[in-house]
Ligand SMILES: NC(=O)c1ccc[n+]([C@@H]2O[C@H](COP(=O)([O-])OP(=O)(O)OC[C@H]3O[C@@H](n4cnc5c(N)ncnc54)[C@H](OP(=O)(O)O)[C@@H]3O)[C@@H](O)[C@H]2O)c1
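Consider the single chain below, provided in structure tokens and representing the form predicted alone.
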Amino acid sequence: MKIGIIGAGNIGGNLTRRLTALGHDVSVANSRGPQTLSALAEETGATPVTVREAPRGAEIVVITIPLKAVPDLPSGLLDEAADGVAVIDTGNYYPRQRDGRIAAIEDDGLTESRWTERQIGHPVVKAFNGTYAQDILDRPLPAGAPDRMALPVAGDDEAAKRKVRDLIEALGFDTVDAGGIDDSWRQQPDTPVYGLRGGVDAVTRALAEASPERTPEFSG
């Protein structure tokens, strides 16, 4: 499968490592340009490209950049992606620590991923936002293993969500359907499921226990 990854930080870099190891054709980009990704490309066999080029022909695109950088993505970013492209949003809103106050999230009540959808003009599937990057390398297990971790996955497009869940399961993790994008507050920072290293039952329970109220640390 052709996969484009925008963002080569901890999550983006480790997804590049795992997905190339599984045999996928991965293009990876960051804000500093492909020349800065030569070491990752040499290590993994991924193709370093510009942000504009990363989605070209891709069946899955991963956007894993700071939320404050999403509006700076090129317009028409997904115009040359494959038909039916699934877009994974790994983003989190950190108003005090990084992103500043985003009024549409704070005042209008948009979930982080709904806001991201509006910036890029395409539906997204929220996944990996509460996953420790090192776990992507260290904690995959075969299907049916008793200690296999589960990840919550939210999205409105059922076909795209299924494509993302299948990819996550191939990476060695179970998945739990966390509802639509308007439900994705259940997996935002400081909720019970955020950073949880649990199985399907534990993740399902944590999603049910979440509160839509943002704690002061994660409010602008």
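In case it trips you up, residue 1 is the first one in the sequence shown, and so on. Everything numeric in this text was worked out from a predicted model, so none of it was measured.
As for the form predicted in complex with the named molecule, it is not shown, yet the points below apply to it.
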query	finding
Contact residue in the model of the complex, chosen from 79, 147, 72, 108 - any heavy atom within 4.5 Å of the named molecule	72
Position in contact with the named molecule when the complex is considered in the model of the complex, options 27, 64, 175, 188, heavy atoms within 4.5 Å	64
Candidate stretches 41-49, 160-168, 27-35, 180-188 - the one whose heavy atoms come within 4.5 Å of the named molecule in the model of the complex	27-35
4.5 angstroms heavy atom contact with the named molecule in the model of the complex for residue 206	no
Partner proximity in the model of the complex: residue 198 to the named molecule, non-hydrogen atom cutoff 4.5 Å	no
Contact of residue 6 with the named molecule in the model of the complex (heavy atom, 4.5 Å)	yes
4.5 Å heavy atom contact, residue 98 and the named molecule in the model of the complex	yes
Contacts with the named molecule in the model of the complex - residues in 79-98 whose heavy atoms fall within 4.5 Å	90, 91, 92, 94, 98
